[in-house]
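Okay, so here's just one chain, in structure tokens, the form predicted on its own.
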Amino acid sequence: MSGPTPDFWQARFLARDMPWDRGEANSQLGAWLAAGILPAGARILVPGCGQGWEVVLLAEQGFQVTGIDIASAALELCKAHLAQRGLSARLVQGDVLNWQPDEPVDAVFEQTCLCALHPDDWQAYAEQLHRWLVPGGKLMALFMQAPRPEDEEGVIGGPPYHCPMTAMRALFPARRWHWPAPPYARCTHERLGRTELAVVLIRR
């Protein structure tokens, strides 16, 4: 496979070496929820959930949330956070490139999964996201902006892998997804020294 292996991610979580982890839910998710973009009790997937701060927030808000991660150590951390708060959520150890829900869901919160996958796998992942959602379902996406000087030489560096918006428009074409008009909200990721562009795409 291209990019990091499952053992790579398992080792990072076991060592608590998680520079991408904010230690809390992404504030943009809270803003989206406060704006009421999801109906009460919606079914939501969080791929690449890590230790699950967003899973916790969604469970607190009463959503039917499923967290997915390839690393069992990540899910153990998520399970502990949920237990500490008396919350429950479905947690699945699986590969997002081949895992399937029992039925399509209402929303997906995509934060750090796409940028953790090598670009060779992006098309397959985009197909999965489309497949996971019901028509009219919402992809709440935070596209990592992580350009590097070596990009100009064609070298693909990461993770996190840079998710330029021109590539995102090709990956999630308008014939399959409704795009809101830019500009898009920028979320600062202090620990990584990066920003994310926040976009809600609607599956056609």
Ligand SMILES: C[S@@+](CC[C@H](N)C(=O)[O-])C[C@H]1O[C@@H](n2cnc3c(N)ncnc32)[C@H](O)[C@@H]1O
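One rule holds for the numbers: they count along the sequence shown, beginning at 1. Model, not experiment: these values are computed from the prediction.
There is another form of the same protein, the form predicted in complex with this ligand; it is not shown, and what comes next is about it.
A.B. asks: Within 4.5 Å of this ligand in the predicted complex: all of G50, I70 and V96, by heavy atom?
C.D. replies: Judged in the predicted complex, G50, I70 and V96 all sit within 4.5 Å of this ligand.
A.B. asks: Spell out, yes or no, whether the shortest heavy atom distance between F13 and this ligand in the predicted complex is within 4.5 Å.
C.D. replies: Although this ligand is absent here, F13 would touch it in the predicted complex, with heavy atoms inside 4.5 Å.
A.B. asks: Considering only heavy atoms, tell me if L117 and this ligand come within 4.5 Å of each other in the predicted complex.
C.D. replies: Result yes; L117 sits at the interface with this ligand in the predicted complex.
A.B. asks: Answer for W9 alone: is it within 4.5 Å of this ligand in the predicted complex, judged on heavy atom distances?
C.D. replies: W9: contacts this ligand in the predicted complex.
A.B. asks: Decide whether Y184 counts as a contact residue for this ligand in the predicted complex under a heavy atom distance cut-off of 4.5 Å.
C.D. replies: Answer no; every heavy atom of Y184 is more than 4.5 Å from this ligand in the predicted complex.
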